[in-house]
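Single chain ahead, written as C-alpha cells, the form predicted on its own.
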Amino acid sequence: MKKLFLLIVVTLCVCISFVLFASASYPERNITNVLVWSAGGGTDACNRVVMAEMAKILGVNINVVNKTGGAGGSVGMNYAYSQPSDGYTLCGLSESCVTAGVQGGFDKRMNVWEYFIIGGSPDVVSVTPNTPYMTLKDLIEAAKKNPGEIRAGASAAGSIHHLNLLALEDGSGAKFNYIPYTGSAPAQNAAMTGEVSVVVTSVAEQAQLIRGGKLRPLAVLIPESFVLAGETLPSAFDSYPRLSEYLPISQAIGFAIKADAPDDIKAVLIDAFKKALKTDTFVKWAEDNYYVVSGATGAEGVEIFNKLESLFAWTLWDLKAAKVDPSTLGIPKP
C-alpha cells in the first residue's frame, strides 16, 4: 500500500512539473489563430496585423486560419473552444460573436473566454454608386414606399452590422430585404457588383472603397458625424433620433484564449499583445485605417464582453431576431 501511495505521489509530482515546465517555456511551437469571420474583413485585417507583430515578439509563427460559418461565428468559435487550453489555439473574434448563444450556435456564455481587444471602427450605411439615393433620407423613404424590396447586405445574422441594420429599420420605420454574408468583405463586394443596393459595415472596412468611389456613404450609425478623407459623414441620429434607443453599439475586435488556460501563458500573451499595439507598424496601420485602439485584456476585457453579450442578446430578443431567450442562458438584462 505504501509503495502504491508513493507511486501515485511521484506520478502527480511529475505531471505537475511537466505542466509547470510547459507553461514556463511557452511558446515552444507555432500558434494558430482560428478566425471566425472571412478573409478581408475588419476582424481578419486587425488580427493579421497584430499577429504578425506578436509573432516577432514571441519568436514563433502565428498562423491565422479562417473558419467561417454558423450563427455569430459559431463554427470557428466551437472549433477553437474544442482545442486544448494550452495557449496554442487562439480565437480571432469580434463583438458580433456574443450573439452566438441566442442564435443557437454556441451553448455557453462568452465568459468561457479571456479577451484581447484590439479596437474598433463605427458602422456606416453606404450604397452602390449607381443607385439614386444621395442621402440617408432618400434611402429610407424609398424603403418605406417599397417595404422589403431594397436589398441590404451585412455580415452574418446576429453580427454587429446586422444588428445595426435592424436598429436602423426599427428607428426609421423602413424595411429592407436583409441578405446575410459570411463577413464584411463579401457583403461589400455584393454592394459593388449590384447584388445588393445597401451595405452596413464599418468605416475602417469601407474606407478604401469609399475613397475609390466604389461605395457612396450616406451616414454613420453613431451620434456624432465622422470625417473620412476630408469628407464629413453625417450621423444617422440627426434624421432619426429614435436610433438612440438601440445605438450606438461599439465594435470590440480582437482575439481570445480559453479562460481556463494557465495564468502564466495568459501573461506571456498579454505582454506580447501590449507590445504589439505599440509598434510603429501597428500604430500607423490603425491610424491609416480609422481604428480606435483599445488594448483591453484580463478582467477589463471580460467585463466589456459581458456587457456586449447582455446588450446584443437582449436587443436581438426585443427586435424578435433571436432564437433563444437570453434568460435561459443566464444572460442578465443590460
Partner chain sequence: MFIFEQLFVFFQQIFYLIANPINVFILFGAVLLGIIFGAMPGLTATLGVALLATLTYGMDTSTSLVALLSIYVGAIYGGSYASILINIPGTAAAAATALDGYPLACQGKAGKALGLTTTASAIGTLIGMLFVITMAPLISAFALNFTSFEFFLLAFFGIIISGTLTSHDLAYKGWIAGFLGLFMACVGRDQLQFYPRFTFGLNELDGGLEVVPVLIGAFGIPQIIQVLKDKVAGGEAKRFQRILPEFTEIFHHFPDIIRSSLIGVGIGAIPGIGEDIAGWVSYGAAKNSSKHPERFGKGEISAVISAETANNSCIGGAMIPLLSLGVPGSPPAAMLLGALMLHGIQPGPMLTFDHPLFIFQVAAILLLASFAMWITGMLLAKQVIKVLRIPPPVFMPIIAVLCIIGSYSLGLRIFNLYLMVPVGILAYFLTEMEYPIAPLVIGVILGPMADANLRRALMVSKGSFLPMFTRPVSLILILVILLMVVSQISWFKIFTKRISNKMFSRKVNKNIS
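Numbering follows the first chain given and starts at 1. Just so it is clear, the structure is predicted and the values come from calculations on it, not from any experiment.
The protein also exists as the form predicted together with its partner chain; that form is not presented, and the subsequent description refers to it.
The partner is absent here, but in the predicted bound form a heavy atom of 178, alone among 178, 226, 133, 81, sits within 4.5 Å of its partner chain.
Of the candidates 261, 233, 157, 222, 157 is the one whose heavy atoms come within 4.5 Å of its partner chain in the predicted bound form; the others do not. Per the 4.5 Å heavy atom criterion, its partner chain in the predicted bound form is contacted by stretch 44 to 52, the sole one of 44 to 52, 270 to 278, 304 to 312, 25 to 33.
For the three residues 189, 211 and 316, a heavy atom within 4.5 Å of its partner chain turns up in the predicted bound form in every case. In the predicted bound form, its partner chain sits within 4.5 Å of a heavy atom of residue 148.
Under a 4.5 angstroms non-hydrogen atom cutoff, its partner chain in the predicted bound form has residue 204 among its neighbouring residues.
In the predicted bound form, its partner chain sits within 4.5 Å of a heavy atom belonging to residue 103. Though the partner is left out of this view, residue 141 does not reach within 4.5 Å of its partner chain in the predicted bound form, counting heavy atoms only. Taking its partner chain as it sits in the predicted bound form, the stretch 53 to 69 comes within 4.5 angstroms of it through a non-hydrogen atom at just one residue, 66.
Look at residue 318 and residue 181: in the predicted bound form their Cα atoms come 3 Å or more closer than in this form. Panel note: the distance between the CA atoms of residue 318 and residue 182 is smaller in the predicted bound form than in this form, the difference being 3 Å or more.
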